[in-house]
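Take a look at this single chain, the form predicted on its own, given in structure tokens.
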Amino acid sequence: MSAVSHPPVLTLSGVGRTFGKVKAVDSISLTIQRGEVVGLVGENGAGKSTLLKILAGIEQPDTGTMEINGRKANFRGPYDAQRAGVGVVHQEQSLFTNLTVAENIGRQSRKTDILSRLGIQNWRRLNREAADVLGKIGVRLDPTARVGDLSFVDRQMVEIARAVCVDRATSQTPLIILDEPTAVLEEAEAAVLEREIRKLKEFASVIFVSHRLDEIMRICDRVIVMRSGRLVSDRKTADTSKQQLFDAMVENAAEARKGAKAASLDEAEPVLVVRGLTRHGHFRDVSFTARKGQVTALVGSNGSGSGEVARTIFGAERFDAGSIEIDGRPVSHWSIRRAVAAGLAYVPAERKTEGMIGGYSAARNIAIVHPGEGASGPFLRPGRMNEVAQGWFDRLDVRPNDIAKPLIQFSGGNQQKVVMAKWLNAAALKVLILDHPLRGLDVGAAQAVNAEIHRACDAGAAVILVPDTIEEALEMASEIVVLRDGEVSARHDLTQRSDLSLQTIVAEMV
């Protein structure tokens, strides 16, 4: 007896979407088979987000056709996509943290019996159905647990379970879209998620979006590359390499130069000195020196205190003991305002909520802290402000090249470039504090950000870096300060040694 033949789960033929003069998606043709995990990569602004929105029913294509499980699809909204079997796990979680696991999963199933419409819930059935869905993806979670009490990775599992619920409305193979699901996960948490993705292959097809090429190579059967709205490469991962993917993604694929590290840390002039810095319940007795033209990396796992130390140095959090010195002078009554006046800059990990004003234009975001020539006294000079912003757009290759566009409408990587420009626009930058500056960025955007870090060092600034990965610290830093449980557990002078291994640092973190 021959095996059952299944139609492709997804077929795109000449799909396009234009916004004004910009072709965000340009004539994409693509097929995804049952049980495949297909990686989707590309620089920020390459068109990935618009393509995903088309698949999720949020945007409608201008041209081309789409088929789901052999049936023509014409989605008028997200509900149509869900009914056709398309489930999406977005980069930013969309769960109700005050509800239970079962309630969050049940929201996706769209039960419409009379009791549900009247607000009367059959809790036994709701919990049983949630347990069934969780079991299907191999996850053991209590359906009655409140989502706000779960770890981040467990909440991610609930998001996946919600997406899987789409197959209850159709007998066809579901298509699950995972948009940067590991962007804010630690290494061990990401490994758990990878196992769940492999479990999904047993009954679904998966589009996996990630800027981490090593993950793509490890998890995916195939990888497709988008650039400038077009599909430029479609290869089996077994037949390609990370370098080939990088070359396909980035139009100018020359490697960013690595920072020149001084012969000795002692030769570099101290700019900021932290002595015995303590914030009760977060970190204690932290000491290090940030030096002119050097990158100091604060490395640690979740709960290590590295991010809290960075925020405290910038004045965003108070400290209970210890001291901060800038150019040899202790600070007092420390605050963000005083930090900015002293020449400090801070790019936060949560750029959308802390690093930008989404409704303002990109030009105004750049001018908001250090307007320079873009202002005359307390008044902005729109013409000059736009000239300054355009200079940064050209220098950082921000896409689309539209300084008047609200910053919330840019992709994450291009938002990060604008947030960087806001601080690099300072006339006298002394200390640049970067909290996970490459989080969610593709390799091209990361290359641009790293180039600006090197430029800031070359101009004499000291850089304090809280990196996404240990590899990032090893590549960028002159000194690594390792934190564990809020205390410094080790420090390494990379100007004096080149044999420091990732394994050594991991052992010092745990």
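The first residue of the shown sequence is 1; numbering continues from there. None of the values given here were measured: they were computed from a predicted structure.
Here the subject shifts to the form predicted together with a small molecule, a form of this protein not shown in this document.
A.B. asks: Tell me the stretch among 79 to 87, 329 to 337, 404 to 412, 195 to 203 that has any heavy atom within 4.5 angstroms of the small molecule in the predicted bound form.
C.D. replies: Answer to the contact question: 404 to 412.
A.B. asks: Should residue 416 be counted as a contact of the small molecule in the predicted bound form, where contact means heavy atoms within 4.5 Å?
C.D. replies: No - in the predicted bound form, heavy atoms of residue 416 and the small molecule never come within 4.5 Å of each other.
A.B. asks: When the contact criterion is heavy atoms within 4.5 Å, does residue 325 count as touching the small molecule in the predicted bound form?
C.D. replies: No, residue 325 sits far enough from the small molecule in the predicted bound form that none of its heavy atoms falls within 4.5 Å.
A.B. asks: Using 4.5 Å between non-hydrogen atoms, is residue 49 touching the small molecule in the predicted bound form?
C.D. replies: Yes.
A.B. asks: Considering only heavy atoms, tell me if residue 22 and the small molecule come within 4.5 Å of each other in the predicted bound form.
C.D. replies: Contact check for residue 22: yes, within 4.5 Å of the small molecule in the predicted bound form.
A.B. asks: Indicate whether the candidate residues 45, 305 and 436 are all in contact with the small molecule in the predicted bound form, with contact defined as any heavy atom within 4.5 Å.
C.D. replies: Contact check passed for all of 45, 305 and 436.
A.B. asks: Work out which of 391, 276, 281, 135 lies within 4.5 Å of the small molecule in the predicted bound form, going by heavy atoms.
C.D. replies: So the residue touching the small molecule in the predicted bound form, by this definition, is 281.
A.B. asks: Which listed residue (103, 180, 154, 397) meets the criterion of a heavy atom within 4.5 Å of the small molecule in the predicted bound form?
C.D. replies: Looking at 103, 180, 154, 397 one by one, just 180 meets the 4.5 Å heavy-atom criterion.
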